[in-house]
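As structure tokens, one chain now follows by itself in the form predicted on its own.
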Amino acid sequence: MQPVYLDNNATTVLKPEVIEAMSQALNMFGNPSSTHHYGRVARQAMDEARRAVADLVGVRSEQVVFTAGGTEANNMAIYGAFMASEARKIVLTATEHSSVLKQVASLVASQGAEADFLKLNELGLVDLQALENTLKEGDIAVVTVMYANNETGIIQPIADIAALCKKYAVPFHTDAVQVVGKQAVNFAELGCNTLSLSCHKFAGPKGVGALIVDGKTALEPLVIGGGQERGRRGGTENTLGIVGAGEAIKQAQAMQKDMPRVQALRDKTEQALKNVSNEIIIVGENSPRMPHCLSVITPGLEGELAVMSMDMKGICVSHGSACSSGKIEPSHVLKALGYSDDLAKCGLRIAFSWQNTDEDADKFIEAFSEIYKRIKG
């Protein structure tokens, strides 16, 4: 039997239409920068995908910069904004993805940047008054706040944050990797200056993402090369992946319409976990959350042990971010939300997507209940 896959925040199953589009593109070998026939064929396919990305988030095609994924897009936005500014401070939250935290740490170590971590309220949301107080102090190169957290699914008030940053003329970046493709996103309505996305989070291929730029914010390039992507990101574009991304985006509307069904699976599973034990904590239960994501803390059952035990029963879930899997240490996200080290080691992330069914949820609930009761005695 095929294992039940419930780790869709790490990556999603490719849709059949995406596989077909990429299969047809395997013979599209031309370099899209070449002006001959084969280059033009590749360029046309890439331009079509770029328009699809632009339409998905409501921007012009020239505002889309293709990258190798969300990590590069985040690195590019933060590095680019900092290096283009004379200000020294980078404002962020402690719950950001490692691609943001480590890029900021690198700039602190190598460029003399100063990291200023925003206060979160009891719901895990940015304290807007604290943000405004920080903005009033000045010397800020960029503010970066994740749209929806990859471990908990908690959604930040991005439009409100962007409005404050605009008020004080500070560039604002949002990591929207866990949102784009799953729910409607309009770049202009959000009001941010840059936004990152990654196609393998919504049934597309790995290795391709994009940074959306407003066209007026100064950004120093992170990758320098042959002038591709309007001089903003060097290197021959990943045509095959970009074609797959374009097809995934065409399927995104159907995935968004399917979200009420997906949320019903999440809610059913959440209630079942509460019934297993009143000790189990639903992270962000009273916060705005993405509809597909369920983050729980299982006191007395460490997350890595839970993941391995579930895997032996044919259920694929995760302890937290796939970028830090294999490390038996407390989740930095859960710690930032105020949980102790012991509890932060007991996090479990279950994430549903288009291919999941009621039967998948039932199998998870049955397997988890058995494991939890056995280990807890």
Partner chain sequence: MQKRADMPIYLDYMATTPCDPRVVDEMLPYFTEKSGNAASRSHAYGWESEEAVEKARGQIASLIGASAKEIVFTSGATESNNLAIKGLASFEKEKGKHIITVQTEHKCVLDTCRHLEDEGYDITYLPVQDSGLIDLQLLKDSIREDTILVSVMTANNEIGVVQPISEIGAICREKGVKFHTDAAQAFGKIAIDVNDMNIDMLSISGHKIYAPKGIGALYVRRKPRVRLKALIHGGGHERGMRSGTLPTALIVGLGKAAEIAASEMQEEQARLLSLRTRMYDKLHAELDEIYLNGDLENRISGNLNISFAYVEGESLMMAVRDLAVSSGSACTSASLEPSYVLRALGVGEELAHTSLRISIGRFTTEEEVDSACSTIITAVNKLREMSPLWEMAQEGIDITKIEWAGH
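Numbering follows the first chain given and starts at 1. Note that the structure is a prediction, hence the values are computed from the model and not measured.
From this point on, the text means the form predicted together with its partner chain, which you will not see here.
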Original post:
Of 269, 85, 71, 156, which residue is found within 4.5 angstroms of its partner chain in the model of the complex when only non-hydrogen atoms are counted?
Top reply: 71
Subject >> Partner-contacting position among 21, 367, 361, 10 - heavy atom within 4.5 Å of its partner chain in the model of the complex >> reply: 10
Original post:
Exactly one stretch in 214 to 222, 279 to 287, 157 to 165, 252 to 260 has heavy atoms within 4.5 Å of its partner chain in the model of the complex; which is it?
Top reply: 214 to 222
Original post:
So in the model of the complex, does any heavy atom of residue 98 sit within 4.5 Å of its partner chain?
Top reply: yes
**OP:** Check whether residue 58 has any heavy atom within 4.5 Å of a heavy atom of its partner chain in the model of the complex, and answer yes or no.
**Re:** no
Original post:
Does the 4.5 Å heavy atom contact test between residue 316 and its partner chain in the model of the complex come out positive?
Top reply: yes
Original post:
So in the model of the complex, does any heavy atom of residue 307 sit within 4.5 Å of its partner chain?
Top reply: yes
Original post:
For the spot marked by 5, 26 and 207, is every residue within 4.5 Å of its partner chain in the model of the complex through some heavy atom?
Top reply: yes
Subject >> Stretch 105 to 126 - residues with a heavy atom within 4.5 Å of its partner chain in the model of the complex >> reply: 106, 110, 111
